[in-house]
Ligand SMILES: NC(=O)c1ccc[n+]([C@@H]2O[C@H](COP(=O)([O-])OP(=O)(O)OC[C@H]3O[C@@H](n4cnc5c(N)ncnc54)[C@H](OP(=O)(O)O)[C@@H]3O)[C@@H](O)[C@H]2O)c1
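Before any questions on binding or motion, here is one chain by itself as structure tokens, the form predicted on its own.
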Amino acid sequence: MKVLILGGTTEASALARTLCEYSIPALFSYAGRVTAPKPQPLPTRVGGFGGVDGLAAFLADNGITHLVDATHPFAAQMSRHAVAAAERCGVGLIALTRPPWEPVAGDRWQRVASVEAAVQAIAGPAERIMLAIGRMHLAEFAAQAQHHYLLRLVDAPGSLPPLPRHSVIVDRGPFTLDGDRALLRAHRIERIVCKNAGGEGAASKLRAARELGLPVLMIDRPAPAPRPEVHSVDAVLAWLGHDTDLGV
């Protein structure tokens, strides 16, 4: 058995620690979008594979028998490539994902299907917006340049985002309710725009928005490629045939 983890999430790191603990042979892969990725206890590679062909070649060349897609819920292209490459190579595939966030009493959510729809949804008078979407799609919000955007990024941007009015905070989760409540107040935020990443690490901004009565524009996840999906490390271990109670 040899496992390849397509990582980048908290869940991927938890799985890496567990596979190392149980001495299950595995490799870890980062897409390379973060300047200083979190160190892992497994042999690690950084960068793309070169599409389905490149990933399939990597699986074959490295004797991979099991592929775990633990990428971000919005990494739709990578997930599609994983399904296609695993099928081509006869490698088992499972996705380790976070359940999406769901609104609860007191939330003021507006849901949209895409980043493009989110850009259109904030047409109107100028607001102070926390734009919690990562760095890849910031340029698209230049179409709504009337707003002041608060950007919280994992890495300092190499060049200024193409937004005429913005502030940048460099920070890495998990975040806290107290911290996010204070952040929203300090920057006089009137609306949050975010992707439905799920999980606990970034959920505090939604709890803070609920307490402060702020609206949230929630970008829904893209439809995943058809594949088996689980939400816990233990479920991945069971899929690998590893009994944690017996240590085998």
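Start at 1 and count along the sequence shown; that's the residue number. From a predicted model like this one, the values you see are computed outputs, not experimental measurements.
Note that the form predicted in complex with this ligand isn't included here; everything after this is about it.
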Q. So in the predicted complex, does any heavy atom of Pro37 sit within 4.5 Å of this ligand?
A. no
Q) Just to confirm, Ala31 within 4.5 Å of this ligand in the predicted complex by heavy atoms? A) yes
Q) According to a 4.5 angstroms non-hydrogen atom cut-off, is Phe74 in contact with this ligand in the predicted complex? A) yes
Q.
I'd like to check something about Met136: if you look in the predicted complex, is any of its heavy atoms closer than or equal to 4.5 Å to a heavy atom of this ligand?
A. yes
**Q.** Answer range among 41 to 49, 198 to 206, 182 to 190, 59 to 67 for contact with this ligand, defined in the predicted complex as heavy atoms within 4.5 Å
**A.** 41 to 49
Q. For the spot marked by Leu6, Thr9 and Met78, is every residue within 4.5 Å of this ligand in the predicted complex through some heavy atom?
A. yes
